[in-house]
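Single chain ahead, by itself, as structure tokens, in the form predicted alone.
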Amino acid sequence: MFDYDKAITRPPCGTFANGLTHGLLGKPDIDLAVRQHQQYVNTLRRCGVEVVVLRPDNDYPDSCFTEDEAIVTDRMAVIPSFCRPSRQGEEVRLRPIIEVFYNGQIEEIKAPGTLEGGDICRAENHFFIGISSRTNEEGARQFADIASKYGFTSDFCDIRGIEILHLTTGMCYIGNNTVVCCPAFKKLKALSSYKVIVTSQEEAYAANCVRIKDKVIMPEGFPKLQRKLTKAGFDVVTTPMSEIEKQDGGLSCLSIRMPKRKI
């Protein structure tokens, strides 16, 4: 599932600092955020991925977080339904680009369901579906039904009692039956059959990693987790994310990673 051949990204726009955020880390430096995004794109390319870079979109301050705008697999694509008004419409602008790659295999989440791509974590033929402040139970149910139609299984992970934005903010699947997660997620029942690498509390942000082919990309500046991953046999690459983090974004948020199609 990590043999991605394309990724869709969009650089931070001029209104990036106006996006949704808890604001605890201060205002981002937009110029630095753009440079860090370019470093992210360069990292994807070094991992062997063709990167489609869209134009910045000042109408949507959070539009660089393309992962939320579509969930894609080797079998189908799903267009989500945003609950926050400032993000509603991002998915509409992205859909024509997704349609180029998924002719006739596009599903969508419909109201009253809400769902964002950051609440979907794929592990081989299984999905962890987060129920969060952005994804409601109806949206999660609709996604599970769609996934089942294409041969996927799924588990619901209710994270509404945890102070975390999306499911993938606190966990990722990196292959070899292994999940990286923050301490708050280590007792999720859905992870009971997996090898779990738990970050320290101070490095919880780094739980959002991305596996591309034989590399695991993680944010720069988290040496404890980097050592754990290396010790577990993973080939780790780091990239700076400080300004993206200020807007509650992570590594996975910045791209829609498209696996080679089987249909």
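Residues carry their position along the shown sequence, with the first being 1. Computed from a predicted model, the values in this text were never measured in an experiment.
There is also a form predicted in complex with a small molecule; it is not shown, and the following applies to it.
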Quiz item: Just one of Ser132, Thr169, Gln142, Thr73 has a heavy atom within 4.5 Å of the small molecule in the model of the complex. Which one?
Solution: Thr169
Quiz prompt | Contacting member of Val179, Leu165, Val78, Ala147, with respect to the small molecule in the model of the complex [4.5 Å, heavy atom] | solution = Leu165
Quiz item: Even though the small molecule is not shown here, does it sit in the model of the complex so that Arg10, Asp57 and Val92 each have a heavy atom within 4.5 Å?
Solution: no
Quiz prompt | Per-stretch contact check against the small molecule in the model of the complex, the hit in 199 to 207, 223 to 231, 39 to 47, 65 to 73 (non-hydrogen atom, 4.5 angstroms) | solution = 65 to 73
Quiz item: Taking the shortest heavy atom distance, is Leu25 within 4.5 Å of the small molecule in the model of the complex?
Solution: no
Quiz prompt | Contact test in the model of the complex: Arg87 vs the small molecule, heavy atoms, 4.5 Å | solution = yes
Quiz prompt | Interface membership of Met241, the small molecule in the model of the complex, 4.5 Å heavy atom rule | solution = no
